[in-house]
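Okay, here we've got a single chain as structure tokens, the form predicted on its own, with questions on binding and movement later.
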Amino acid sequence: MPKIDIAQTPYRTGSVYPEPYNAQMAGRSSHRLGQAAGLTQFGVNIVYLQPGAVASLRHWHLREDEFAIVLTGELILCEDSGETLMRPGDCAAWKAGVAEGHHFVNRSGGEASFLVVGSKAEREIATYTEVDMQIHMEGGNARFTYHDGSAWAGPRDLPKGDQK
């Protein structure tokens, strides 16, 4: 494969989330480097966050490992267990199956970016820890459910004690 021209890679804004969560991803965009290269075993994306933007809902993966390194700007890594300031060169990783919800937030005054690499399990479930929702991925298709596995029909509050 020749050098990847980032400017020619697939570019996505927003998210696959249903409303109202998709609207909360305003200011988020990404270049899909792994997709451009035809990779099938892991995904590679550069994610850009404008000031005030979040990268995703706080989540953890059942079957997929995930790794991130900050490229530009300052980001806050928000995990269920606390927050960490992240600057260029700082890395974080999450092992599949560990229920530690995480996401990045840009609380700075300038754009920030990070590279994220994740394994691509044939079937995957990601659980969102601050909202009652899961995403089930299979064959490139997304299906949303509540934490109890029932079909998602819109936002509802998490039961008390189920916020992780």
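A quick note: this is a predicted structure, and the numbers were derived from the prediction, not measured. Counting begins at 1, following the sequence as shown.
There is another form of the same protein, the form predicted together with a further copy of the same chain; it is not shown, and what comes next is about it.
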{"query": "Segment that reaches a further copy of the same chain in the model of the complex - one of 51 to 59, 23 to 31, 129 to 137, 115 to 123, heavy atoms within 4.5 Å", "finding": "115 to 123"}
{"query": "a further copy of the same chain contact at Ile76 in the model of the complex, heavy atom, 4.5 Å", "finding": "no"}
{"query": "Touches a further copy of the same chain in the model of the complex: Glu111 (any heavy atom, 4.5 Å)", "finding": "no"}
{"query": "In the model of the complex, Val105 touching a further copy of the same chain (heavy atom, 4.5 Å)", "finding": "no"}
{"query": "Partner contact for Val47 in the model of the complex: a further copy of the same chain, 4.5 angstroms, heavy atom", "finding": "no"}
{"query": "Residues in 94 to 112 with any heavy atom within 4.5 Å of a further copy of the same chain in the model of the complex", "finding": "Trp94, Lys95, Ala96"}
